[in-house]
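We begin with a single chain expressed as C-alpha cells, specifically the form predicted on its own.
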C-alpha cells in the first residue's frame, strides 16, 4: 500500500489554516495527528476472491475504491484522495489544556490522547474523558492521535468522542468568517459526516464545570485490548443532589448506532430517583432499548444490546460511587 501524491502546507496561524482550506476547497484535508487520515489515504488491498465470490486467482489482489466497475469504496464517500494536506503541527495554541477560572475544562483540538491521560484534573473530575483516552488504540496511537481528530473523524465507536459528548462537550469552530460554538452531540450526522464547513477548523473542546458530587465512567468492550474498534462503548455521567437523588445524568453509547447515541430513555429513568440497584438496572434496560445495533464481524446486534445493558449498569454503579453515593 502506498500513499497518493500530495502537497503539505504548514500554516503559522489558525487564520492562515482556514484561508488555505477555503483556497483549496474539497482538494484539501486537515492533518492533525494523522493516525486515521494517513491510513485512509492508502488504497486498501484485499484478495480478489473476497470481492468476487468464487472467482479470480486466490493469489491475486485488487484495490478498493479505485473507481473500477464493481469496486468497493471503503469510505463510502466516492471522493478522490486530497491533493493538499494542511498540517496544524505549528499551531501551539491548539495543544493547550487548561481548567478555566469558571471551572470549565478547555482542551485544545491538537491535544493528544496521551496528554489528556496525564492531566490529574481530568482524571479526577472528568474521569470518563481520561478513560476514553486510555482506551484509544495503542501507546503509539495515543501519543499521536488528537481529540480534534477523534471527533472530526465522526466514527460511531470513537473512544474519546463518546465520553466527550456524554460530558457535555462544546466544540469551538473557526472559519474565515468568524467562530461559532455548538454542542458535541449536534456535530456528527452519520459515519464520517459532520456539520463542519469546508473552510472550518475545530480549535478546542470545552467541558462544563462540575459540582462536587459528580462522577463519570467509560467502558470499551473490544475483542482485544489494543488497536481494536469497540464492539460496544458506554460513557455515563451522574450528578447527585444533597439527598442522594440523581440531579442530572447522561448515558452515551458507542458502536450501536450510526453516530454516538445519547440514551435519553436511561437519563429519564434516572432523573430524580435514588440510585438504587433496581433503578440502575431499569436505566440499563432503557439504554439497551434505545440502542440500534447491527450485525457485523465484531458482534451480532443481539449480543451488542445485551452488552449495552450489562455495561451501562456497571458504569452507572461506578459513576455513582465516584459521585459519593451508593447504588
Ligand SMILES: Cc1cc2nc3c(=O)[nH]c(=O)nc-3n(C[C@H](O)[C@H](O)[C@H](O)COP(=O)(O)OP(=O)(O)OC[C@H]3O[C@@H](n4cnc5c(N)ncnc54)[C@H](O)[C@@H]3O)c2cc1C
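Numbering follows the first chain given and starts at 1. All values derive from a computational prediction rather than experimental measurement.
If you look for the form predicted together with the ligand, you will not find it shown, but the lines that follow are about it.
Enquirer: Among 144, 89, 123, 95, which has any heavy atom within 4.5 Å of the ligand in the predicted complex?
Expert: When the ligand is considered in the predicted complex, the option within 4.5 Å is 144.
Enquirer: Sort through 190, 100, 227, 212 and report the residue having a heavy atom within 4.5 Å of the ligand in the predicted complex.
Expert: It is 227.
Enquirer: Flag residue 281 as yes or no: does it have a non-hydrogen atom within 4.5 angstroms of any non-hydrogen atom of the ligand in the predicted complex?
Expert: Residue 281 lies outside the contact set for the ligand.
Enquirer: With the partner left out of view, is residue 36 within 4.5 angstroms of the ligand in the predicted complex by any non-hydrogen atom?
Expert: Residue 36: yes, in contact with the ligand in the predicted complex.
Enquirer: Can you tell me if residue 216 lies within 4.5 angstroms of the ligand in the predicted complex, counting non-hydrogen atoms only?
Expert: Residue 216: no, not in contact with the ligand in the predicted complex.
Enquirer: Answer with yes or no whether residue 158 is in contact with the ligand in the predicted complex, where contact means some heavy atom within 4.5 Å.
Expert: Contact check for residue 158: yes, within 4.5 Å of the ligand in the predicted complex.
Enquirer: Taking the partner as it appears in the predicted complex, which of 175-183, 243-251, 115-123, 133-141 has residues with heavy atoms within 4.5 Å of the ligand?
Expert: In the other structure, the partner sits against 133-141.
Enquirer: For a quick check, can you give me the residues of 149-177 that have a heavy atom within 4.5 Å of the ligand in the predicted complex?
Expert: Read in sequence order, the residues that approach the ligand (within 4.5 Å, in the predicted complex) are 149, 150, 152, 153, 157, 158, 159.
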